[in-house]
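Before any questions on how it binds or moves, here is one chain, the form predicted alone, in structure tokens.
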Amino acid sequence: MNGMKHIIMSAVVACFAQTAVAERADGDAERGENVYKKCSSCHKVGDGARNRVGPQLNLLFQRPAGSIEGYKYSNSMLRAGADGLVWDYTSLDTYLENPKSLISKTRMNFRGLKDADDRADVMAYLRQFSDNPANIPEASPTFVGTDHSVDPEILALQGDPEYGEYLSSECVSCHQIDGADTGIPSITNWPTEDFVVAMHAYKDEKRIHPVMQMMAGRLSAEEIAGLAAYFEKVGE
């Protein structure tokens, strides 16, 4: 297990090194404070901020998803955090554009900020409430202006669970078929839609995990649908 973690972390470091010249995302924090008013009824930030309808947003950058103590997250958000999702520029940009494209069953009922400048500005505002704003990395990939939704035709595909079982051997070499979650997140009994959305996020390189990007990149939409159908019902 330690060897696998070392391989994954090495791949992550290599991925960031290769993208260190990516375009910086310099937003306008003053304008972002005004954009943030759309968020403030649910999320608080700054001195004395507490969880309300949504979790407080102090120290947001580099925070694992679903990690604020005492806040009741959706199972999908907790699963994303266990899967390695960390809030950085890329993941926040994707989430703010369309929350349900990244976390399909998030409890955040917000249609998103479609304007890329609005997203950059509100993130510049939120960076002021992080530990050390000057040192927050901005070199990770920034897929600004990209459509992050999954094609409804892909979500509508009916996967063949027997085909999914045939394809699953590489998955279960890391993910334990009995659903145990020790170091590597469980994918057993995932809802089909969650599985499909997550795999296409890796396939389209919106979720940053080089090993999963490689694995998902080999699969067709039909193969992903088959795996989703298999893992949703496995063990039942």
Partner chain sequence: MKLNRRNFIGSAAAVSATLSAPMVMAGSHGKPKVVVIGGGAGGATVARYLAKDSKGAIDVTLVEPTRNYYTCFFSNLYIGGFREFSSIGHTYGKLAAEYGINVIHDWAIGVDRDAKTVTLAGGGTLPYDRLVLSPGIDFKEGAVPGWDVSAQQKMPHAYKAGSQTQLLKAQLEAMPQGGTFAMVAPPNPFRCPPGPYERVSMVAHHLKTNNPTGKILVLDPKPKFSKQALFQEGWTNHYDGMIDWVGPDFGGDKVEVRPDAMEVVIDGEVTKVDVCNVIPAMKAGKIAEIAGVTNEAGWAPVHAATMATKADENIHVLGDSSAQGDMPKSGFAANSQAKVAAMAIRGALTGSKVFPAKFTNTCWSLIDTDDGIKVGASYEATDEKIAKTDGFISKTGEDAALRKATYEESVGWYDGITSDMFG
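Residue numbers count along the first chain shown, from 1. Here the structure is a predicted model, which means the values were calculated and not measured. Rigid core: the largest C-alpha set superposing within 1.5 Å between the two forms.
As for the form predicted together with its partner chain, it is not shown, yet the points below apply to it.
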query	finding
Its partner chain in the predicted complex: contacted by all of Glu33, Ser40 and Phe110, heavy atom 4.5 Å	no
is_contact(Val45, its partner chain) in the predicted complex, heavy atom dist at most 4.5 Å	no
Interface membership of Ala221, its partner chain in the predicted complex, 4.5 Å heavy atom rule	no
Distance check, Gln176 to its partner chain in the predicted complex, heavy atom within 4.5 Å	yes
Exercise: Glu170 in contact with its partner chain in the predicted complex, heavy atom 4.5 Å	yes
Interface residue in the predicted complex among Leu60, Ile184, Ile68, Ala29, criterion: non-hydrogen atom within 4.5 angstroms of its partner chain	Ile184
Candidate stretches 90-98, 161-169, 121-129, 76-84, one within 4.5 Å of its partner chain in the predicted complex by heavy atom	161-169
Core superposition between the shown form and the other one, C-alpha change of Asp160 at least 2 Å	yes
Flag for Tyr36, CA shift 2 Å or larger between the shown form and the other one after aligning core	no
Cα-Cα trend for Ala82 and Gly217, given that in the predicted complex the distance shifts by 3 Å or more	farther
In the predicted complex, shift in Cα separation for Ala216 relative to Phe61, 3 Å or more	farther
